[in-house]
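Single chain ahead, by itself, as structure tokens, in the form predicted on its own.
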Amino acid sequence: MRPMNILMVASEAAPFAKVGGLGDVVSSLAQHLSLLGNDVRVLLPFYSTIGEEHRKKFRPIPAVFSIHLGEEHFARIWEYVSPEKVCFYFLEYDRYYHRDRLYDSGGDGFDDNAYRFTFLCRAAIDLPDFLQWTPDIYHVHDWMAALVPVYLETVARRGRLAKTASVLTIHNLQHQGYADRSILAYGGLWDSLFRSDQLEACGGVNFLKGGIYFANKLSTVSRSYAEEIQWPEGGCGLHGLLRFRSGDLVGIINGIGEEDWNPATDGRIPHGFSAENLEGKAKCKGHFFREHWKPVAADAMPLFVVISRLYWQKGLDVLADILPWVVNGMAVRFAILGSGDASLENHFRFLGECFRDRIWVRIGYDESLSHLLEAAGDFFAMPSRFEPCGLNQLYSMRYGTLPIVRATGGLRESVQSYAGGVANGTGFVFQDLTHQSLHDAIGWACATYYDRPDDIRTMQRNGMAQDFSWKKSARRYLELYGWALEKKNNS
């Protein structure tokens, strides 16, 4: 396959702007596609939250960038070329992107999010003329970039982009992007698109629905999630459209950065280790207690770790409910790092105060501490109600920390469950998210830890041997791009 020109459009890309796994995925995939010989470029907003350590590396493109919405707007483009030769473009427009957060002010989303990301999508369409460079593929991510395929197949279907195809990746179907019908006029889109089989939903415009309808190919971040979203239980109201497009929908599981998440070379942890020698892992556990959980000292109890956004999707409300029951009935400790829903944050703070020697809680996010907890933990609790892919279970297996997960989406696909007495698994998988089933899964892991330590060691090595690199996933995306181009140019 010949090298391709690929333009990714996203609302996040690590390390510049990151709220969740989306930022990691966009950057890592772009880097690996570039290493495979493709010309890969990424467009994202120039948020005011981007740190000065990154800004000082950006170079402004001198010309004024004209964006053709319902009326003409003018912005500025900055660029940065990564060591992997990925070119990042940053769209500067302070009216929309000079905020203290990416999507919200600490609660509901910004009132003008629909306008902010329509602006980004139209900018993505006008960027090739500005650069005098034509992409073969637009790879767009989630609802924030989902209008790009709509533009490609309507107002921009002729000219420079006539043969350019699109791939839309759905990272989380729950977030779809709704706006009033007037957003079409603002974006310079045809009013005739306001139809129930295209962009209209519940009397408004649904960005993701439009992207699903118009994109040449669709992907999700695991095969299991691609199946689940075609049914009412997981389809968030779009299951019928997704089933209609099922022939163009594939699941490609995310990879992880082998360089960033390698316990043998990770500079964020005090002691390196490998599957062959796990001594450093025990030392990391001791370091965590000495530096972060004084005066509690490491002992023979297993350490269960949670690193997560604290939201309903993650099932952590159920964990919070049963934690007193767990720590009163089992010899275990929990370390919880995350932020999100205010009531859940307060619930975990309360538990940390009530059970100071058994439950450690840090509200917020700390990249270095997340690496340390992955290295220090014995188990990683991830009882998600749904999980398109998940990354932390992959990080955990890489660090010999056995995941305890519900059988959904990418969790079901990536974690092989332990079969009692046969240490051929990489974690503990349970079926239904109830208080009793989660309690039993934790008890199952705890009993195995105490009664069958050799099985635990074998499973740790099994998990650390898994190949979750981006190399394999990047090649699958290149195949998908080829199918998208074939469909676009043969239709």
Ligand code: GLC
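Owing to the predicted nature of the structure, the values given are computational and were not obtained by experimental measurement. Residue positions are given as counts along the sequence shown, with the first one as 1.
One more form of this protein exists, namely the form predicted together with the named molecule; it is left out here, but the text below deals with it.
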Counting only heavy atoms and a 4.5 Å cutoff, which of 267-275, 386-394, 202-210, 316-324 contacts the named molecule in the predicted bound form? 386-394
Contact with the named molecule in the predicted bound form, heavy atom within 4.5 Å, among Ala335, Leu218, Ile125, Val221 goes to Val221
Partner-contacting position among Asn254, Thr118, Thr401, Thr164 - heavy atom within 4.5 Å of the named molecule in the predicted bound form: Asn254
Report yes if any heavy atom of Gly482 sits within 4.5 Å of a heavy atom of the named molecule in the predicted bound form; otherwise report no. no
Even though the named molecule is not shown here, does Val25 get within 4.5 Å of it in the predicted bound form, heavy atoms only? yes
My question is simply whether Asn172 lines the interface with the named molecule in the predicted bound form - judged by any non-hydrogen atom within 4.5 Å. yes
Given that the partner is absent here, does Arg99 sit within 4.5 Å of the named molecule in the predicted bound form, heavy atoms only? no
